[in-house]
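Shown next as structure tokens: one chain only, the form predicted on its own.
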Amino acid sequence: MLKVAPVELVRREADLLLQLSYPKPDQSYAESTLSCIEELGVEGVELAKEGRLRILGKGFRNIVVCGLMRRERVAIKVRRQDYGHKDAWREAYMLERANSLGIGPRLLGQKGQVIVMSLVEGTDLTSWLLTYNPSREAAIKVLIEMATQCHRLDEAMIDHGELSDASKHVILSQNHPTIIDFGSASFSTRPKNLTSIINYIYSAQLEMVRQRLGLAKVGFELLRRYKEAFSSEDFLEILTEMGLLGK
């Protein structure tokens, strides 16, 4: 059974409160973070078995904890205490733009150093492909969906910025890929989402997966043409040349 510490309990328990300030415990920063969490409508924060806050992830910009909001488990992303840009509004805005395309976790709110979004739990894309050994049909379907999301971002001139290492930025939940972490995303006249995911697919670590799926390389000229206009026609031709769509 999940254990949830109500916001008021976190406020009273110094050991819990200071965990909201990472990596250096700072009373003022932790209190500010908790106030932002409360104002966004989060009722409580999940605890791990040992009584500490349940940390979903740690990066160079943020930590992510799990909370409860309107009876829904949510992900709470908190800027690190030592990160230079504390306000997370820009990342939240980029996620909101991605959401308008049907991409990414649902943005539920942002205030100061805190972003609240829908919780995406599952397996990273690399582990799913290498360890779970999905059927060819399932793997092809996921790669097409992943490529389609990248194409939508390209069309909208949004560059995620980190999809060449999709293992850290794509989560599979019930065989559906979700792009996460828009902290490096930006508007760009030369977005590289599709080309980044293609580079990932053709990385050395996925060689055996490519062989099993019978994927072929995409010609340089076709990729160059796609990057000029991000047309749907060129996108479909890329999928066909790779062997993801029937010729």
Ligand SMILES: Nc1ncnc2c1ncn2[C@@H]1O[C@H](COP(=O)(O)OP(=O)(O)OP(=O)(O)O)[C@@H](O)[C@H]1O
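In case it trips you up, residue 1 is the first one in the sequence shown, and so on. Since this is a predicted model, take the numbers as computed values, not measurements.
This protein has a second form, the form predicted in complex with the ligand, left out of what is shown; the following refers to that one.
Q: Could you tell me if Ile180 has a non-hydrogen atom within 4.5 Å of the ligand in the predicted complex?
A: Because a heavy atom of Ile180 falls inside 4.5 Å of the ligand in the predicted complex, the answer is yes.
Q: Would Phe187 sit within 4.5 Å of the ligand in the predicted complex, counting heavy atoms only?
A: No, Phe187 sits far enough from the ligand in the predicted complex that none of its heavy atoms falls within 4.5 Å.
Q: Is it the case that Arg210, even though its partner is missing from this view, gets within 4.5 Å of the ligand in the predicted complex, heavy atoms only?
A: Judged by the heavy-atom cut-off of 4.5 Å, Arg210 is well away from the ligand in the predicted complex.
Q: Can Ser118 be called a contact residue for the ligand in the predicted complex at 4.5 Å between heavy atoms?
A: It does: once the ligand is placed as it appears in the predicted complex, Ser118 has a heavy atom within 4.5 Å of it.
Q: Among Cys150, Ile171, Ala139, Leu108, which has any heavy atom within 4.5 Å of the ligand in the predicted complex?
A: It is Ile171.
Q: Considering Leu215, Leu40, Leu68, Val64, which brings a non-hydrogen atom within 4.5 Å of the ligand in the predicted complex?
A: Contact with the ligand in the predicted complex is made by Val64 alone.
Q: If contact means any heavy atom within 4.5 Å, which of 188-196, 31-39, 50-58, 218-226 contacts the ligand in the predicted complex?
A: Result for this chain: 50-58.
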